[in-house]
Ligand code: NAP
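Only one chain is shown below, in structure tokens, and it's the form predicted alone.
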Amino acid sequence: MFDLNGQVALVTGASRGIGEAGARSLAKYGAKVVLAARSGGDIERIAAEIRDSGGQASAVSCDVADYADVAKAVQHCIDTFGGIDILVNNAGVIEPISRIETSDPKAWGNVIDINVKGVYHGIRAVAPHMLEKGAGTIVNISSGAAVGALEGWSQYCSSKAAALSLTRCADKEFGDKGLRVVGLSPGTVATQMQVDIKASGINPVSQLDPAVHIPAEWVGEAICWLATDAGDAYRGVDCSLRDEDVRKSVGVI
């Protein structure tokens, strides 16, 4: 069990998959959770289900590619629950999967807007509040793609490499001021993204048997674990959920 009572968490991309699982886990361990996503209907439903289960949750529509939207979501946390203690930068996309020579430049740039600028926007928006009180946890959802190139994933690999660099930079700037900035590389997870990857037929990841993908709930538990003192060991780096010792520490195996 992880004690997150009294903490306020903002989760981006919370309408499904890892974001939804993270929000539910955070609430289960006592955090007050704000779910943010572009699709307002889904996050309103999930927030209501969390409240019905005895948790505290709110929802706010947010496009992480728009800094004003992210700043609004952070202010919603403060206005609704009195502060912001945990940020989960989860919102991310992989589509369109394409080799470079056939890629759409506008669509390629859209991935950067969400996967890179979205992470920066989140860090930028919460940092002043966390620095003011000298405490806070930022979990950036990463990927093995951050350190490994894959055919058809130039947009995703580049964006995740940039997000890892943001984790490192933020730790350099905030690590000695009480903020914990960590990355979480979950491996392959049974979400819609893996369905899209499978359909693409490009690179070895698309050939994986769906049975090897871990449940999103494991990632939700890992987020909560990293939001405790256990996360200190991963300041400024990516924690891999492929690591059996990490899985044991999180309690998913």
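So that there is no doubt, residue numbering starts at 1 and follows the sequence shown. Because the structure is a prediction, the values reported are computed rather than measured.
Another form, the form predicted together with this ligand, is not on view; read the next lines as being about it.
- Though the partner is left out of this view, residue 38 does reach within 4.5 Å of this ligand in the predicted bound form, counting heavy atoms only.
- With a 4.5 Å cutoff on heavy atoms, residue 141 counts as touching this ligand in the predicted bound form.
- At the 4.5 Å threshold, heavy atoms of residue 31 stay clear of this ligand in the predicted bound form, well away from it.
- Though the partner is left out of this view, residue 206 does not reach within 4.5 Å of this ligand in the predicted bound form, counting heavy atoms only.
- Contact with this ligand in the predicted bound form, judged as any non-hydrogen atom within 4.5 angstroms, is confined among 72 to 80, 126 to 134, 86 to 94, 170 to 178 to 86 to 94.
- Contact check for 114, 156 and 188: all three have a heavy atom within 4.5 Å of this ligand in the predicted bound form.
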